[in-house]
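The chain below stands alone and is given as structure tokens, in the form predicted on its own.
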């Protein structure tokens, strides 16, 4: 499973990097930047799903 991030939908709310700092960071403008582009571990998957569930713009999805 992998993180799919749609940069065009991101509005820079910051919930993803607040909830999953091991998976997301912010760029210089405050928009999210995924830190993990490879397959997720089980622990990472739980945090990625938490970030996706809390993204108000639905910019994050988890690809199965």
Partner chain sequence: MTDLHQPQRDWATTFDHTEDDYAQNAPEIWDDLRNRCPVAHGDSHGGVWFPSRHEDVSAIANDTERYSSEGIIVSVFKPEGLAPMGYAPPITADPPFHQGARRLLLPAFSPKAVDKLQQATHETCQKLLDDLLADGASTADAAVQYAQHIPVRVIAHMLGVPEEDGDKFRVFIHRILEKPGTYADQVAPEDTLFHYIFTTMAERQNEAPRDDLIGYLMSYRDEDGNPLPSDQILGTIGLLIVAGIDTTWSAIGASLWHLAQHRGDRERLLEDPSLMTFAVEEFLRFYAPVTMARIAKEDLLIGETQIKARDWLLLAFPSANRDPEAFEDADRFMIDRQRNRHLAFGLGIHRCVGSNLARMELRTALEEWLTRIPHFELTNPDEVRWSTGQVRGPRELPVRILKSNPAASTN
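A quick note: this is a predicted structure, and the numbers were derived from the prediction, not measured. Numbering follows the first chain given and starts at 1.
Omitted here: the form predicted together with its partner chain. The next part is about that form.
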Query - is_contact(residue 26, its partner chain) in the predicted bound form, heavy atom dist at most 4.5 Å - result: yes
Query - residue 40 within 4.5 Å of its partner chain in the predicted bound form, heavy atoms - result: no
Query raised in the report: Given that the partner is absent here, does residue 50 sit within 4.5 Å of its partner chain in the predicted bound form, heavy atoms only?
Result: yes
Query - Contact of residue 21 with its partner chain in the predicted bound form (heavy atom, 4.5 Å) - result: no
Query raised in the report: Which residues within 48-64 place at least one heavy atom within 4.5 Å of its partner chain in the predicted bound form?
Result: 50, 52, 53, 54, 55, 56, 57, 58
